[in-house]
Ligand SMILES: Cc1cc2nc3c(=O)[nH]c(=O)nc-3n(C[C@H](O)[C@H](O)[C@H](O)COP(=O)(O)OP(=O)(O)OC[C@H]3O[C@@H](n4cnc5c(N)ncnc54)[C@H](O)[C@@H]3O)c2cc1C
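Coming up is one lone chain in structure tokens, specifically the form predicted alone.
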């Protein structure tokens, strides 16, 4: 007989761990890698995320400024405070808080009530899919077919000390590259991404590291991510993070949405576990909450499509315009509300959707 749980979470990174933190009872997390082994991003978030979750001890470095480097100009932007942090420590410490069980296995199929893996079959009335761009639903090629706006990024870690988050915009040739250099204490996280699905980026990364005088990149990590919001409910499951295309276009920020939507999904799942809500009610509430943030995603998505092909002089003009005080205030507010860190908590939330969870 398949082993029974109160909830099963597919994926043991940001979204899955954030959801598990909000659910009581017997919870199982399934991932093909050990907790803390699956880093694919630059591990940078608004510092408010870690403050709200009482996880500031994992911070490597705090950054007050963002610098946007275009071909002939550097523009300083003052958004909210960001930080780079230790991915492994974050995941391991958050997992310890969840009290969940863990199975390392590859998921072969998932749907409402049942998850099949290479380690056996597991059942639970609640399933949360946070398995990444492939998603946990379907089999084989069906997983890839479900991805939305599949983008790709790579990153290397090099010895370095500096201040501020630095973004570099590559020349537009119909497939613009977006580069970054994020100092993190004694090293820098240098990488690049494209929003067109191009994945042969190793040569570009080597040239970028050479331009910054960092030397040849050593160990490289990265992968695909999704940056076009899709339905957050599928096959009777809550979808979180890349499974639902929650990575923010333009910035490529995926950790904050995964944490925010992961906790909201977990809170609603907990109401199902305790009998306060039916599963269909919880799924509907989650879908409505995610859709209430859809306008912000659509604006960023359209902007990303324009920026991909915008001629370099116009891109520099756009950077100057977005840095004006009036526009920066507007952009800050809208960008924050798409996935507001104010919704995060260090403990199980009393309400599934706090009063601050109003449509953006």
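Residue numbers count along the first chain shown, from 1. Worth saying up front: this structure is predicted, and the values here are computed from it rather than measured.
The same protein has a further form, the form predicted together with the named molecule, not shown here; the description that follows concerns it.
The stretch in contact with the named molecule in the predicted bound form, judged by heavy atoms within 4.5 Å, is 35 to 43, chosen from 35 to 43, 320 to 328, 57 to 65, 288 to 296. Taken together, the three residues 69, 209 and 214 lack any non-hydrogen atom within 4.5 angstroms of the named molecule in the predicted bound form. Only one of 105, 277, 77, 250 comes within 4.5 Å of the named molecule in the predicted bound form through a heavy atom, and that residue is 105. The named molecule is not shown here, and in the predicted bound form it never comes within 4.5 Å of any heavy atom of residue 262. The closest non-hydrogen atom of residue 223 lies within 4.5 Å of the named molecule in the predicted bound form. The closest heavy atom approach of residue 132 to the named molecule in the predicted bound form falls within 4.5 Å. The closest heavy atom approach of residue 179 to the named molecule in the predicted bound form falls outside 4.5 Å.
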